[in-house]
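Consider the single chain below, provided in structure tokens and representing the form predicted alone.
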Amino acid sequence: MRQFFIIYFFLVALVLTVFGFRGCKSTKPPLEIFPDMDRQAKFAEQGATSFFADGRMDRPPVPGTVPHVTGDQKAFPHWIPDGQFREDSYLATGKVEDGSFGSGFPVEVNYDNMRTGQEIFTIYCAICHGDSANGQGVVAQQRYGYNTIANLLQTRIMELPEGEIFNTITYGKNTMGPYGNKIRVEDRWKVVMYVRALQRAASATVDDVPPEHKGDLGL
């Protein structure tokens, strides 16, 4: 008897599968055993509702809310991709008043900031650009298809203003992705600071060594 019911159930399921009401149209909502949250009760933007006293679905900001902007930075020059506001436009964008990239650092140049820049460079940049910034990182050596990895020790890049290097880190360039949402704005400047140190080390000569330290080199 047990086998009979099993076979009967199987035949019924087979008949419903083959001759079921597949493709039939209905104005009624479908019967969903497991809807998986496909359709949820929600408020549409700029819609009306009787739930709130003013009848609007869109709610005004809570008093004291900190402003947050996403989208085109050109329309909001003091905003940066992480959505925070900076009163210092050069700190936030790397550009000066006439819209060109500026030179210099809006953060203090000191040992601690240089070390922070080195740590972040090692985490995010060295895998492509190499520990010495010569463009021979692991990605370049393994030939993963990234043929435009820049050698940051080139004269062309050494001559770029600091603001333009900051902008490249923020928004990316060629096959390099943007890091504006991964690295804090101040820390991006510290990376630029460390890149400048690597460039100076690669292009330095004996004449650049202070006289009081030449003895350390046996000169």
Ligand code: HEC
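The structure displayed is predicted, hence computed values, not measured ones. When you see a residue number, it is the position in the sequence shown, counting from 1.
Keep in mind that the form predicted together with the named molecule is missing from the display, and what follows is about it.
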### Task
Spot the stretch among 26 to 34, 39 to 47, 53 to 61, 176 to 184 with residues whose non-hydrogen atoms come within 4.5 Å of the named molecule in the predicted bound form.
176 to 184
### Task
Identify, from the list Ser103, Gln142, Ser100, Thr148, the residue with a heavy atom within 4.5 Å of the named molecule in the predicted bound form.
Thr148
### Query
Would Met114 sit within 4.5 Å of the named molecule in the predicted bound form, counting heavy atoms only?
no
### Task
Would you please decide whether Cys128 lies within 4.5 angstroms of the named molecule in the predicted bound form, comparing each non-hydrogen atom pair?
yes
### Message
Within 4.5 Å, heavy atoms only: does Val195 come near the named molecule in the predicted bound form?
### Response
yes
